[in-house]
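What follows is a single chain, given as structure tokens, in the form predicted alone.
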Amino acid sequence: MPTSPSEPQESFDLAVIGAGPAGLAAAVTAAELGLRCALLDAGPRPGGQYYRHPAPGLKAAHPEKLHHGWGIFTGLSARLKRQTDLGRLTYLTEHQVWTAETGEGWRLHATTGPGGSGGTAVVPAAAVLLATGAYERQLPFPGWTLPGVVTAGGAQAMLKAGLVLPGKRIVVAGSGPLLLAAASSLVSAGASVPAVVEATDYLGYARGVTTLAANPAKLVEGAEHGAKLLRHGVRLRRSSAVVQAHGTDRVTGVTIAKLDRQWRPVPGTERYLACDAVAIGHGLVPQIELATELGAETVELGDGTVGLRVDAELRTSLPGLWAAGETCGVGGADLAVAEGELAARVIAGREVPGGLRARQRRRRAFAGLMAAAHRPGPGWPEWLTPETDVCRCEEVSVAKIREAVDDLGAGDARTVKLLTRAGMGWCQGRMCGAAVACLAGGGAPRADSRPLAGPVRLGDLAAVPADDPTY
């Protein structure tokens, strides 16, 4: 097993980064097809963010009740155990890949152990499949820094991993299918959800009747969430947004308002909802820094985010690098599993069954329709005030960003960052990046590009050989 940059290491046929639905499916399929495969993941257990588990000490009796499609995960987990027991697959837990090198093959550099406490490892492989998933997109609003305001995914994470709720009366807001799933989980766990506040009107789905008809499972999934929310008296407020959170020590309520087609608040439509928590999110952003840093080509997606450009075989523009699942555009676990298996079969040189290709195409078409339906409108900054903090880490307000743009001539997010420190804090712009880019203007969205895809100590950086003639 790789342990140190200075030690000779075995080279794998394929290294899969990420043990979520796409990575799990890819790794077990590749191993079953005879490839010597390594599966690297930053977490201690498989499943990624989607199949997040309760901590073992909590002794959850029925974790499956917090998940949709748990049977798919248990099936993949059983195949993972079988292949690792047979020695065909090396599963490297708590391996955070922070950079990759490419030459005659690939070398993945990772920190190991909890928080990188275990040192470093270098994993060589002939090919790499990127299945790193996505993270949440947030649009700020006055009061969003109050305790009790969490992301929609964060609320689910608290529930799935810690078996706790962020509050007792929780408003779920933002845009995208994650809202319905989050609200469904919260009411199942005993929370009161007075409303799901969705910024879109759902009419975007009407443009894809054929795509909807080709994905009946997605319609059933949506209907199941809807029926559960109806039984719990949860009201769905379309074309609306939380435009302010109220409170001092923590959130005590929110103001919601109707939005026009451009997501501008409609004056006179405001109403107050009492709550002690807000779970909010505006979709997901593909996590592709490892690939973009190496120069992989990207493509703007229907929701305004940026994903990796891949061909029908899921090859990126970089030789030997494949991508699957959310890195190519957010589409859910079903699509991720299909693409993981498809990519593994291509890498192994095996035929891809027609049914698998058809399923992947249907799910990818639905992902495109979903993305377009929930693309943020350009008018959302109108619910901001000058005092609203956009960058929470560096406490950079709307006024400071507008000063950088209007008075100092900043025309893009990077220049705003240099002038205000927006995006230079702990999260490195993952929370505020989309909002800063929008407020800065500057044209089409750009992919995040960071020299390091994760935290790494200076000593570990210094240990990377600089004179290896192969790379």
Partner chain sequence: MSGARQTPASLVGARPEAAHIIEFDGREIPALPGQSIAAALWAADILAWRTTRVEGRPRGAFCGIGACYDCLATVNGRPNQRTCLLPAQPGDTVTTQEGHGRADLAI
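Only a predicted model underlies this, so the values are computations on that prediction, with no experimental measurement involved. Positions refer to the first chain, counted from 1. Between two forms, the rigid core is defined as the largest C-alpha subset superposing within 1.5 Å.
The same protein also has a form predicted together with the partner chain, omitted here; what follows describes it.
Contact test, all of G377, P386 and L408, partner the partner chain in the predicted complex, heavy atom 4.5 Å: Contact check failed for every one of G377, P386 and L408.
Listed residue that, although the partner chain is not shown, lies within 4.5 Å of it in the predicted complex (heavy atoms), from S188, T252, T84, T102: Selected option: S188.
Proximity to the partner chain in the predicted complex, single hit among G247, G226, G154, G204 (heavy atom within 4.5 Å): Residue within 4.5 Å of the partner: G154.
Segment assignment from 412 to 420, 433 to 441, 53 to 61, 32 to 40: heavy atom within 4.5 Å of the partner chain in the predicted complex: Result for this chain: 53 to 61.
Residue contact check: H68 to the partner chain in the predicted complex, 4.5 Å heavy atom: No - in the predicted complex, heavy atoms of H68 and the partner chain never come within 4.5 Å of each other.
Distance check, R271 to the partner chain in the predicted complex, heavy atom within 4.5 Å: Although the partner chain is absent here, R271 would stay clear of it in the predicted complex, with no heavy atoms inside 4.5 Å.
4.5 Å heavy atom contact, L89 to the partner chain in the predicted complex: Result no; L89 lies far from the partner chain in the predicted complex.
Non-hydrogen atom contact W144 with the partner chain in the predicted complex at 4.5 angstroms: Because a heavy atom of W144 falls inside 4.5 Å of the partner chain in the predicted complex, the answer is yes.
In the predicted complex, residues of 114 to 140 near the partner chain [heavy atom within 4.5 Å]: Those in contact are P114, G115, S117, Q138.
Core fit, then P267 C-alpha moves 2 Å or more between this form and the one not shown: No, the C-alpha moves less than 2 Å.
C-alpha of G115 moved at least 2 Å between this form and the one not shown on rigid core: Yes; G115 is a residue whose C-alpha shifts (by 2 Å or more) between this form and the one not shown when the cores are overlaid.
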